[in-house]
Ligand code: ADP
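There is one chain below, alone, in structure tokens, taken in the form predicted on its own.
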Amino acid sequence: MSDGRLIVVSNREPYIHERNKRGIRCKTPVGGLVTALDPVMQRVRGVWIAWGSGNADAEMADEKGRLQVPENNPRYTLRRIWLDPKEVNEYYYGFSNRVIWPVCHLFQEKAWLLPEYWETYKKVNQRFVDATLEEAGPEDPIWLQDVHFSLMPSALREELPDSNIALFWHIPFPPWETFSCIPWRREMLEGLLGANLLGFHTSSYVANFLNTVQKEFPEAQISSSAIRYKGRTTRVRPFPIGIDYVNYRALSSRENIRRRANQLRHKMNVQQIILGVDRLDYTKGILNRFLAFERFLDTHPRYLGKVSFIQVASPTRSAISEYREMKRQIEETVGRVNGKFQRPQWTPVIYISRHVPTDEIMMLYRIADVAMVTPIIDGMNLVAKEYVTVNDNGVLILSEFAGASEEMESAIIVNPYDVESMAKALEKALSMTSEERARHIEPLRKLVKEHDIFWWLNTFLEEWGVKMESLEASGGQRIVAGA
């Protein structure tokens, strides 16, 4: 059991300062991690260490990059780390997004295995280590977030041998045969094995990690949930992340959102709506999804003019050439499918390539009869959980390669590579009665409610051995905090 302040280290910061024409504005990134951890950090007055990416971040921090947050009621310390353009390009866009990301999502052919990326990744990891050592005492539990900091656990262990260190890996962990393409894999694994606890989304990712360590370090002693290596034990567990269920239900039930959703549904002038919501990423399976919709319309012409597919594809990582090429292919496919089937007053595919505000996403969730969440591979995919939370009578089509499928097995599970089977899944979903839809979605919604973001946080911290103290979240959920 650990006492002391909770130290969180993540790439993305919980508060960002941006300068615009009206001055400096503080914004909070949307995401489950900030939703769960920010109230805990406020309760325990911890320290959150992150990359200061806002264009006005430096103006708001002291010479060490420190400031107290949130602005209106300061409760904990945000320690910002400054990165120069070369470091951003090679540590973040380079090693994190052009090496670890494609390899862990089974796209190793897209990996840019450049030594300069690795050297900068090591350098930035050490920068975060130095900052953490300045902030953390020997009694402070240190929680590292995600793939950006695989080298930190062992580096911290050298200076703080008795510290309680954990890391949660937020994306898939691939089989050894895939991960082994990274030339620096042993250094990364040894870095991770400095942690007391490693968390992954699913049991299959845990199994992949354990097998990878066994292959790389035959001398290690490995059980189904722990690794003994160089005199230290690292526990490895699955912790499927959830969403803020109560908040999503409350937000989507607001009268203005319900009214606007009804207006949008009437304006669409179709009988049924299929929805996809994704970042524009090659892991999300958007292109195959459109091909499946095309096949569905080819084989079920009675649906022509009666069903439309709305796809939100929020731009991301546009500085990376692979993403620009993927965007071109998807837009060409949308144009071809619409050109093939379009009729007066009816557009088959409505493609939205911009950042869509949360309230608009809520509206789309409410009006969609079917959600297609069919990534080629995904660590978890919270869109699946958001949709069944908001929509009371919809149907979820879910890729078997999304981490969410390990929990949400009562969804219509599909192989995202099999266009024919996805077309058949669409026909099944669209032909279900209202009663069948309700029976389909009710157990999915119950699961999401029970295993929400606060359940994830509680479960992780309890397994980690951080001393607990109950705390009520704003929505009424019980969350915990280090004492």
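Nothing here was measured: the structure is a model prediction, and the numbers come from that model. Residue positions are given as counts along the sequence shown, with the first one as 1.
Not on display, but discussed next: the form predicted together with adenosine-5'-diphosphate.
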>> Please tell me whether any heavy atom belonging to R279 falls inside 4.5 Å of a heavy atom of adenosine-5'-diphosphate, as the geometry stands in the predicted bound form.
In response: yes
>> Taking adenosine-5'-diphosphate as it sits in the predicted bound form, is K284 near enough to touch it, meaning that at least one heavy atom pair lies within 4.5 angstroms?
In response: yes
>> I'd like to check something about Y365: if you look in the predicted bound form, is any of its heavy atoms closer than or equal to 4.5 Å to a heavy atom of adenosine-5'-diphosphate?
In response: yes
>> Since only the chain is shown here, I'm wondering whether I361 would be in contact with adenosine-5'-diphosphate in the predicted bound form (any heavy atom pair within 4.5 Å).
In response: yes
> Only one of N381, T389, T132, N164 has a non-hydrogen atom within 4.5 angstroms of adenosine-5'-diphosphate in the predicted bound form; which is it?
Replying inline: N381
>> To verify the annotation, which of these, R354, H266, R302, R343, has a non-hydrogen atom within 4.5 Å of adenosine-5'-diphosphate in the predicted bound form?
In response: R354
>> Partner absent here, but in the predicted bound form, which of 291 to 299, 308 to 316, 257 to 265, 409 to 417 has residues with a heavy atom within 4.5 Å of adenosine-5'-diphosphate?
In response: 308 to 316
